[in-house]
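The chain below stands alone, shown as C-alpha cells; this is the form predicted alone.
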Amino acid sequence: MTYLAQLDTIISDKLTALAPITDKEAAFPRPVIDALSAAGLLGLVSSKEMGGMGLGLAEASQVVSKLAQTCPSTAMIVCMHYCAVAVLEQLGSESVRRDIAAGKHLTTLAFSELESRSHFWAPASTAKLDGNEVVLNARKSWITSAFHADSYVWSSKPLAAEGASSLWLIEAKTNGLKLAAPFDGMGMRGNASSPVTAEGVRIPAANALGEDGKGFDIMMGVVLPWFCVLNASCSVGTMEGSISRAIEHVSATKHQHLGTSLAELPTIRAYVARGRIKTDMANTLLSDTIAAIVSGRADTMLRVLEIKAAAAETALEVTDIAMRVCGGAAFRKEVGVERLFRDARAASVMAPTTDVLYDFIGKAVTGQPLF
C-alpha cells in the first residue's frame, strides 16, 4: 500500500470522526498521530538509511494538505513535525533520527517568543554554558504539540559566538520546562499550541544543532522553506475541505417548492467558481514553489516568501466564500464549514505573519536586503 493510500485509510477510519471532537474539546488528536506513526508516516522524510521512507518536501506537502481537508489541527502538528525533522536529518543524533524514522518520536519547533513576537529569527531566550551542560531560560509564546511531542527544536541566543541564535534539541520532559497556560483558541484547537517557559533547564552541550551562533542560517536555509511550504499546504487543504463541503451542501439542499437544488442558482455557482479558482491558483503557486526549491531556481526565496502569504490570505477568502455559499447552515457544526473557517484564520498570524512577509517580498522585488 502506498503512503497516500495508507493516509486515506487513516483519514476515513479515524480522522473524519475525530476531527469535530478534536475541535470541540480542544483535544490533542493522539489516536490519529498514533495511526500515522504506525503507518510510518511520521518517518516520511526520514532517510532510508535511518529506516524512514526517504521522501521529500513534495510528498510532505501532499500529506499535510490531505490531512488539512479534514482536520487542520492534525495537519499543523504534522507540518511542525516535518519541519523539525528537516533540521534533525541534517544535524541530529543518529539515535533520535532512527526513533523518528521508526515512528517512535514526535518532534516540533520551539521558535516563537513573547519578546520577539513574529520576528522568530531573533530569540530573546538565553543559553549559558556550565561545564558539559547548557542552561536555558526562555518564554516561548507558542509551541505546537507542547508536552505532547517528544522533543523540541529550540532556539536561543548564542552561547558566545556572534550571530542571532543557536539551536538545540530538548526532550519535552526535561526538568524546568513548564506549560505556562493551556491552549483554548478560536481555531486550530487541537494542536496544543501552548506557551512554554524554561527556567534553568539543563541539557547536554552535545544537544547543540549546528555551530553556536549559526541558528539564523539554519532557520533561513532549512526551516523557512519547509515551514512556508507546509504551512501553505495546510491552507490549501483547508480551502479544498471548505469548498468541497460547500459544494456538497448546495448540491444536496433543495428548494422544495421549485424542486431545484441551491447549486442550480447562478449566484451560488458564481461563488463556488470563485472559490474553486482561488484554491487552484494557490495550489498552482504551491506546486511552483516546490519546483523552485527542488531545482534551486534563482527565484526560490521569493517563491518561499510568497507562498505562505498567498495561501494564508486566499484561505481567508475561500473559507469566507464557503460560509456565504452555505448561508445559515454554515453556522451549524455538522456542516463542517465553520470549523475550517476558524482554522483558516491561524496561518496569516503565524510567524512570519502575512504583514511581515509582505514587507520581505517588497524588499526582495525592489532589490533591498531582507535583514
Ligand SMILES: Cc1cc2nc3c(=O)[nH]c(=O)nc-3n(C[C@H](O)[C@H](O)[C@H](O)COP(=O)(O)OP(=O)(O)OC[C@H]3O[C@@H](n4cnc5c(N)ncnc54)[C@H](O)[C@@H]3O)c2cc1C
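Note that residue numbering begins at 1 and tracks the sequence as displayed. Just so we're clear, the structure is a prediction, and the values are computed from it rather than from any experiment.
This next part talks about the form predicted in complex with the named molecule, which is not shown.
Residue heavy atoms within 4.5 Å of the named molecule in the predicted bound form occur in exactly one stretch of 174-182, 240-248, 287-295, 104-112, and that stretch is 104-112. This chain lacks the partner; the member of Cys228, Ala198, Ile100, Met80 within 4.5 angstroms of the named molecule in the predicted bound form by a non-hydrogen atom is Met80. Screening Met188, Val236, Val85, Ala127 for any heavy atom within 4.5 Å of the named molecule in the predicted bound form leaves a single hit, Met188. The named molecule in the predicted bound form is approached by Ala351, whose closest heavy atom lies within 4.5 angstroms of it. Taking non-hydrogen atoms only, Tyr271 never approaches the named molecule to within 4.5 angstroms in the predicted bound form. Residue contact with the named molecule in the predicted bound form: Arg139 places no heavy atom within 4.5 Å of it. In the predicted bound form, at least one heavy atom of Ser118 sits within 4.5 Å of a heavy atom of the named molecule.
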